[in-house]
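Shown below, as structure tokens, is a lone chain in the form predicted on its own; questions about how it binds or moves come after it.
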């Protein structure tokens, strides 16, 4: 009798725990779906809005789903953005500097992590200061420098800072690599040196493979930041070599120049074309993230590891 009572109590307790866990799971999914919708709403709105026909835009009853899939907005956006040339220029100013910045910041981070040299702490502080100081403060001096050396209206203002560790947020990547190189035992380097390996070989054969998540993190973020950069590039070479985001900033003016001056009605009808242009400008970034999603998440998780 007592055994049956205990069994019933255990069953009831298990049922209560199961009910609590089920409620907790449901609440968790509701919270995740709600947060996810907040982040996805602008993208969903952009994609659906870019497919609205002029008739759907003029119809107040059409809120979300278009009555017909109207892809002409994308053809007009491609023409307005001069997509093929702008896309190529964007790749030139994003891919090359991202690779250079990753390689150079990895070398600098390795130097800070594995070498002792005079005024090391001072150099570290100065390096961090380059990240803290607003870009606008150094914009004019840099423009004067590039102008004096005849680099304006060329791609060099995008490449040279990356080559010398002064690219977009380079200090952040130096700190990330510095942290990663300190996260594995220095005995690995010492064992390789005992076998006759020099510092360069140690860096290439041991340090670089160890910091693969940091490399992915640096490449992805560098590409995204260089791709989206407009304020500096507008000043340095925007008039001659406009990238895709730069063309998007002038989308309305370019659209009017191609398709005629806009009235209030035509401005409303061209909203879908603007959304199509926005979708085209962020498409490479989305594809890049989806392709390296697993590596990106791993690199984020490991970017805070501590050294021994």
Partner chain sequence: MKSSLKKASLSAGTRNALWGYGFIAIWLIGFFGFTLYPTVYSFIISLNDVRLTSNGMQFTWRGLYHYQYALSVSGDFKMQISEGLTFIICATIVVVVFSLIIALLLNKKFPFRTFFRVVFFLPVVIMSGPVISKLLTGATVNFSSHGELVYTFLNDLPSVLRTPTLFVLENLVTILWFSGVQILMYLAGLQKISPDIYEAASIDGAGSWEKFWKITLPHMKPMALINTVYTVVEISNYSGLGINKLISNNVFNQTRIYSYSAAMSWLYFVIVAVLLILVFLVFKLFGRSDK
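Keep in mind the model is a prediction, meaning the values are calculated, not measured. Numbering follows the first chain given and starts at 1.
Below, we turn to the form predicted in complex with the partner chain, even though it does not appear here.
Proximity to the partner chain in the predicted bound form, taken as a non-hydrogen atom within 4.5 angstroms, holds for one residue of 78, 95, 210, 235, which is 235. Exactly one listed residue, out of 155, 188, 71, 225, brings a non-hydrogen atom to within 4.5 Å of the partner chain in the predicted bound form: 225. Mapping the unseen interface onto this chain, residue 259 falls outside it, with no heavy atom inside 4.5 Å of the partner chain in the predicted bound form. Although the partner is absent from this view, residue 51 stays clear of the partner chain in the predicted bound form, with no non-hydrogen atom inside 4.5 angstroms. When the partner chain is considered in the predicted bound form, residue 85 lies well away from it, no heavy atom lying within 4.5 Å. Taking the partner from the other structure, the partner chain in the predicted bound form has no heavy atom within 4.5 Å of any heavy atom of residue 206. The candidate spot formed by 26, 254 and 295 lies out of contact with the partner chain in the predicted bound form, as no residue has a heavy atom within 4.5 Å of it. In sequence order, 32, 33, 35, 36, 38, 39, 40, 41, 42, 43, 45, 46 are the residues of 32 to 61 having a heavy atom within 4.5 Å of the partner chain in the predicted bound form; the partner itself is omitted from this view.
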